[in-house]
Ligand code: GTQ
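What follows is one chain in structure tokens, specifically the form predicted alone.
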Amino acid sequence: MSNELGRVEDLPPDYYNGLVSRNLMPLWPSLRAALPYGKPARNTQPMLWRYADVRPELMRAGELTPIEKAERRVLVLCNPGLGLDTLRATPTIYIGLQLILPGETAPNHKHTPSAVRFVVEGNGGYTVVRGEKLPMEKGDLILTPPGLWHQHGHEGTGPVVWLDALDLPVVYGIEASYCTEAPLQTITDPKNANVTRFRQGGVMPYSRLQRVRGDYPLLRFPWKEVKQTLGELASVTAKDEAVHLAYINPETGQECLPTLGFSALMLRPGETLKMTKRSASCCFHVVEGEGTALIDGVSQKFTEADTMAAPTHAEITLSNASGTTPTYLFMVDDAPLHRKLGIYEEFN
């Protein structure tokens, strides 16, 4: 094992300066920074963004900036360890809170990053994806996959807020991030029929059997059904096991999107859950309830609508503060990306 590697200072100045002048660099002085032993170097900090702090600023943004000037009226949750200007919650995950007001329409566009919307509050909002009108109710997960046209609207009263999660840092990092705008879509499926078609796990319309393609057949996952399933799962889950559901493509059984994974977690009354240590980074959004998160030794109390970030290889323990009611969390991670790269790991 090489512990004492050569330094830049060990090289003759004329040699080093000659390398630099030719756009070359010696690897060995920086090798341990790029490939540290045992555990990756991490700048991501365990973070908690309190909705009680963010919401007033988001409402103020609604007063200051009309939708025509914003396109998407969003406050981005930025991890200070990664630099606020990089717009990252973790190295691979972008998280923002988006506001739309009654009567507004966010224009129709498509982009290369994958994105989802998780509804935080309000009624009357909707998203349109490839002509399918997707109602936005609290806790609903809505997919806007890469390359699919989507627009947002608000037909109700009061503000509607949702959490955006994108793989923007990845796509931007490979210099492939861009969007295209177009006129508003014509709504061809006003009833969001695919929620009915794929309502029950394990079954699907017979007509789909011979043409399963896995091209995002289900775009909206209603929270009321996910919450019910979590409750039923809890009744058959051992006390030392997590009550944890993955959002999947119902035709393939695989993750919903190429690079990001989404799941819902129920903490039973009084439960403390030590999560499996994994190579993936993640973010949690509190759908209902309150508790405490211990992430790499940093303890934070959370409550409804708060959002948290955890770095790769993090040790995470979640505790429900209530002894009588469950706490529900929505989770975003980059495990699908890790699996595709062949670097996904779990640690005992």
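In this text the structure is predicted, and so the values were computed from the model without any measurement. Quick note: we count residues from 1 along the sequence shown, nothing fancier.
Not pictured, yet referred to below: the form predicted in complex with this ligand.
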Are all three of Gln98, Arg117 and His152 close to this ligand in the predicted complex, meaning a heavy atom of each within 4.5 Å? yes
Arg197, heavy atom within 4.5 angstroms of this ligand in the predicted complex: no
Any of the heavy atoms of His111 lying within 4.5 Å of this ligand in the predicted complex? yes
Check Ile142 for me: does it contact this ligand in the predicted complex (non-hydrogen atoms, 4.5 angstroms)? no
Using heavy atoms and a 4.5 Å limit, would one call Met266 a contact residue for this ligand in the predicted complex? no
For the chain seen here without its partner, which of 70-78, 189-197, 235-243, 268-276 has a heavy atom within 4.5 Å of this ligand in the predicted complex? 70-78
Since exactly one of Glu104, Asp164, Glu255, Glu251 fits, which has a heavy atom within 4.5 Å of this ligand in the predicted complex? Asp164
